[in-house]
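There is one chain below, alone, in structure tokens, taken in the form predicted on its own.
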């Protein structure tokens, strides 16, 4: 591998994932939950943007001026194609972190984000990023960072060492990267089938290996096969950021904000007895065996005052983004799924089922007859955002100003979905971010946006598009072999799309 890569996988492209944690509006809601002020984000930066889906969706769907870099040329090129298609205010660079940090044409930022990349880069690049945050993030600015963490990865660290050695010493140099990775996973199967003492002492590695078989090979290449791969404890991260003026605020995952979904009452009681913050947070990671942290940090934290809190309650709107009939009252918990209280959640969901944006104060007033107190309402909204069925909404003026850019970006993405099959999000001017849609729904969006409202013609168009590239229709995770079965499934999907998804997508400004 040539020196410019610094040990990073560059011969295999990353996946086309969308990460809503990079949406500054989500940061605002999470920080509000911890009584911390969030700036009006006018300038934002994403370091290591991968294929550029998130940065382009957030640039097109908001008035924020975005900057970002990724040093893999093919990924930067695709990101530039999206930027050109949307016409949004986004500046795409193909620089290393070192070269990007030295640029003289960058503004100071209200928001800096990096998803996952921290775990896969060298300590030298980590130092460059830390210095960049220290220099370029404004006072009051927000940092989003996510990374593999310990203790959750402790049992896999040694197995990953074998994977790395296999690629150095055993992989067939005549094979391409993806073929070599497949060979490595097959070797791990043979290795664990011998029932080594390591697997007996770490039985969960077998489950991890089963998951490797199900993962996209492009994801595996970047997750496990870079030269540098370093899960770290939360205390290690705090040491990296200790000279930047940053304060850790909270997890980006809203369900993490509610103890009952993550730890037992005895564990909560023990945590409440621990006063040193770093020790308490570390003990909590061990309680849940955390393997991935996604965090918001703030430089020079400022608490919200009473007037600011009330303004948020009066102006910040929320909207239901999933069909009401599809939403269950269950959330994942430490011992399996937990049931939500129907008396607390069903009135909120029923109220929001008209897919009209509402503020918390409006909801409170409309739910007066249901005897739902404000703390219950507030927690319900946080939990439902954690379930990804409710999203925060931008100001009305912003929605109208960005609609043209999101339309153009979505048109481009829908045209790309057959070639780049793991693009699973389109941009919503309403939420300032992405909404998850699979390939078939995106095809239906594309044909409906052309003024065609016939489900029969949607089916014919979708079948023509899928057949043209040899793609099969998937039902319950299984590819359908016959045309008859495929068309029957597409008809079912078209009816569901028309009845359930299309009305919501119209409100969200996507369809």
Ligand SMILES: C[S@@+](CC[C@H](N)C(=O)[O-])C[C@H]1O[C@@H](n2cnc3c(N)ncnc32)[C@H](O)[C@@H]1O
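This one's a predicted model, so the numbers in the text were calculated from it and none came from an experiment. Numbering follows the first chain given and starts at 1.
The following text describes the form predicted together with this ligand, which does not appear among the structures shown.
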Has each of 39, 110 and 136 got a heavy atom lying within 4.5 angstroms of this ligand in the predicted bound form? no
Considering this ligand in the predicted bound form, find the one stretch among 63-71, 459-467, 477-485, 29-37 with heavy atoms no farther than 4.5 Å from it. 63-71
Contacting member of 296, 225, 97, 254, with respect to this ligand in the predicted bound form [4.5 Å, heavy atom]: 97
Can you pick the one in 92, 348, 121, 390 that has a heavy atom within 4.5 Å of this ligand in the predicted bound form? 121
Is there a heavy atom of residue 116 no more than 4.5 Å from a heavy atom of this ligand in the predicted bound form? yes
In the predicted bound form, is there a heavy atom of this ligand that lies within 4.5 Å of any heavy atom of residue 497, even though the partner is absent here? no
I'd like to know if residue 125 sits close to this ligand in the predicted bound form, meaning any non-hydrogen atom pair within 4.5 angstroms. yes
Report yes if any heavy atom of residue 75 sits within 4.5 Å of a heavy atom of this ligand in the predicted bound form; otherwise report no. yes
Residues within stretch 45-71 having a non-hydrogen atom within 4.5 Å of this ligand in the predicted bound form: 46, 48, 49, 50, 70, 71
